[in-house]
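In the block that follows, a single chain appears as structure tokens, in the form predicted on its own.
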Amino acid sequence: MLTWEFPPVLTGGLGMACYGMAKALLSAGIEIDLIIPTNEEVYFPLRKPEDADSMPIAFIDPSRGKKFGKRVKIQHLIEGAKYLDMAYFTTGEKTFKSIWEDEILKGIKGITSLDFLFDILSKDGPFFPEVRNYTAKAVNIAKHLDFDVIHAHDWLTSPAALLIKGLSGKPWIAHIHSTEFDRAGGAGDSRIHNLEYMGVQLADKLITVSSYTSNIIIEKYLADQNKIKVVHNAFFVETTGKPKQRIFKEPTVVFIGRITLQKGPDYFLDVAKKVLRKEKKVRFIMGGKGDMEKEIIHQAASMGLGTKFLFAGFLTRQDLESILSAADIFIMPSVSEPFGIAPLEAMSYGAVAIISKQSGVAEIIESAYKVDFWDIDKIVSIILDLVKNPKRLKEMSEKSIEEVAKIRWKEAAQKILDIYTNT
């Protein structure tokens, strides 16, 4: 399994999705060799469900393992990590260049030359040096492993998956959690589009997190519908059912996510402005970081929202759970959301969710309000109705807890297992 994040390495929903998925697959008897970005050439041999928490470490070079000792933890291998900058394999550049000399790779079906991939990954820019290093590390590690299938998550791991498929002859399942069309809210980076197109075309099977995402890759990347299987994300947090811990006496409305165009933080701010004009006894909290952060902060200041609209910044897992526990209403006004695990987490704490119709999670939940992301007035009216009717808020809260308790990874893992055995 190749993924860019896995607890405690978290930058978004992908890590928690992979965590819940892995635990369920392990419970079903699947053995996983997990490769994530680290600063050492290591992998994580997961053999039982609790391994997803303890994260046992295996060094490719035993001498490096001796240097760290028996008490080495994953935290020691990601020290120095910065937000969204986590591939620290120091010899990766040199190894990356040597990969292309392996003639076995020339036999990958459908590719006469790997020069196009080398050219894309050789560019500078956000993520690309890190992806080069991760690719080199993952390929080297895979040469030492015995496995049946390659399960790779999103474009960041697609180059490694393609090369490992070429070297091993094992099938590659590309798990698509989002596309550049979602993240950029438009055209985005053409290099990322090329890598996503490569994954869609060359992987043996495609797993998408929603029908919404399936439709995107069919329309934009000409995906073969026969290769696609929809497996909706599920929910896994052991704190479900714990009593709420309030931060404010007033009803609290929360936004959690990257503060980028895709997630609709500007719509959340406009909602707050309109709600507070009519009802002062409401608090709004925005958690996350992103390229629109300064813009949103300045807009909030110019609106004079004061302490009624608070910024929490990037949240640790503990911080996130604290805020969700305090939330009465959770808003996800995403412009384009392939799935969206955050509303499920919020609902498990009893928050009433208002979610974008333009999301995958809207396909599977009933006890949430589903609104077009741009319909600010509708969102405002729902919030005001809930705030002024505590009984209705309580009833919706109870329904949310009850529904999300049934959305578990066990069923999703069985669908994935069926894909493994039929690939």
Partner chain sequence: MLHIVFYFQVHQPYRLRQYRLTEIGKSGNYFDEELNRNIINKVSDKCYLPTNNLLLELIEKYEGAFKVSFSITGTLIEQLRQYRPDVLDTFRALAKSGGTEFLGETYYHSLASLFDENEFLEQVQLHSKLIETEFGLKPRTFRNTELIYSDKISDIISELPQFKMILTEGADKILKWRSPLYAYKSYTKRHLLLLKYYRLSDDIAFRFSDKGWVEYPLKVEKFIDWIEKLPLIEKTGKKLYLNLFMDYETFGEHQWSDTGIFEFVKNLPKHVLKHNFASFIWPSEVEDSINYEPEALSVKEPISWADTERDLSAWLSNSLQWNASKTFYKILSNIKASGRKDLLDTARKLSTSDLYYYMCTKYFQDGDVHKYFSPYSAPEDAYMYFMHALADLEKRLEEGI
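Numbering follows the first chain given and starts at 1. Quantities reported herein were computed from a predicted structural model and do not represent experimental measurements.
FYI, the form predicted in complex with the partner chain isn't displayed, but the following is about it.
With the partner omitted here, the stretch from 338 to 346, 165 to 173, 290 to 298, 264 to 272 that lies within 4.5 Å of the partner chain by heavy atoms in the predicted bound form is 290 to 298. Exactly one listed residue, out of Tyr197, Phe118, Phe311, Phe127, brings a non-hydrogen atom to within 4.5 Å of the partner chain in the predicted bound form: Phe311. Although the partner is absent from this view, Val72 stays clear of the partner chain in the predicted bound form, with no non-hydrogen atom inside 4.5 angstroms. Not displayed here, the partner chain is kept clear of Tyr221 by more than 4.5 Å at the level of heavy atoms in the predicted bound form. By the criterion of a heavy atom within 4.5 Å, Gln201 is excluded from the residues contacting the partner chain in the predicted bound form. In the predicted bound form, Leu77 stays away from the partner chain, with no heavy atom inside 4.5 Å. No residue in the set Asp189, Asn215 and Asn226 has a non-hydrogen atom no more than 4.5 Å from the partner chain in the predicted bound form. Residues are counted as partner-facing when one of their heavy atoms sits within 4.5 Å of the partner chain in the predicted bound form; in 320 to 347 these are Ser322, Ile323, in sequence order.
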